[in-house]
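As structure tokens, one chain now follows by itself in the form predicted on its own.
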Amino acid sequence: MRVGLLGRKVGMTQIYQEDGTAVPVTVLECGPCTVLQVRTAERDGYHALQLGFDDKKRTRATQPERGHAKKVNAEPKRFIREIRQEQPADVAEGATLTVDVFAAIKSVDVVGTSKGRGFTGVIKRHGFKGLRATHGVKRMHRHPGSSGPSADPARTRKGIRKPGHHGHARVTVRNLKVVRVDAANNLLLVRGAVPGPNGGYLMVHQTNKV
């Protein structure tokens, strides 16, 4: 079974190894997650576990959400995602998965939504250098410059880097080392940074990168 859980980003800190080396880590609250549905190849065309994380008040849940959770005697969930499986998973609907499933896992992939930056220019969005601030350059220091030739093809080519919406996109960070598993507090510590703000929802699953 491909191990995976849903959770949220708590924040970043650092821990010290026995030799005194500081290790930057991100603290993730993983689980407990309820198995809302088990997808099978015979019925759905693929194998997967549908997990739910973070209870939602019934008064704020829709009727379909309440009915879907009621099938497994669970509360409606705020965050629901599927963890694909290559083979049928030996997990029953209604089961609860905790961070203990990562006890024997060395590395994980983390999927989240990056921070939204709004509408930004080419310097922040694409890393343009910008024009110099001397020798006759006026009011165009952060301008993107020409968009292409005016004669041929007399249009803007596809792929030209322009100002626009920046961030708030699905991002996957792969092969993060698992530093510590705190089962008592449902915490998972991974080395390095993960996408999204503190409190943002995440998918954490066993990496397939060798």
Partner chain sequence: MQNKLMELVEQSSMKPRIPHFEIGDTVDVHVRILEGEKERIQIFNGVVIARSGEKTREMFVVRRIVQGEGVERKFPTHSPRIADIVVKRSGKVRRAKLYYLRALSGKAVRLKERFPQGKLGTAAEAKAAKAAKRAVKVEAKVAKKKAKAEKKATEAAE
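Computed from a predicted structure; not experimentally measured. Residue numbers count along the first chain shown, from 1.
The same protein has a further form, the form predicted together with its partner chain, not shown here; the description that follows concerns it.
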Inset, instruction - May I ask you to state whether M12 is within 4.5 Å of its partner chain in the predicted bound form, using heavy atom distances? - result: yes
Inset, instruction - Look up in the predicted bound form whether R8 has a non-hydrogen atom within 4.5 angstroms of its partner chain, and give yes or no. - result: yes
Inset, instruction - Considering only heavy atoms, tell me if V178 and its partner chain come within 4.5 Å of each other in the predicted bound form. - result: no
Inset, instruction - Spell out, yes or no, whether the shortest heavy atom distance between V194 and its partner chain in the predicted bound form is within 4.5 Å. - result: no
Legend entry - Region of this chain that lies against its partner chain in the predicted bound form, out of 139-147, 63-71, 38-46, 179-187 [heavy atom, 4.5 Å]: 179-187
Inset, instruction - Go through 14-51 residue by residue and record those having a heavy atom within 4.5 Å of its partner chain in the predicted bound form; state none if no residue qualifies. - result: Q14, I15, Y16, Q17, E18, D19, G20, V27, E29
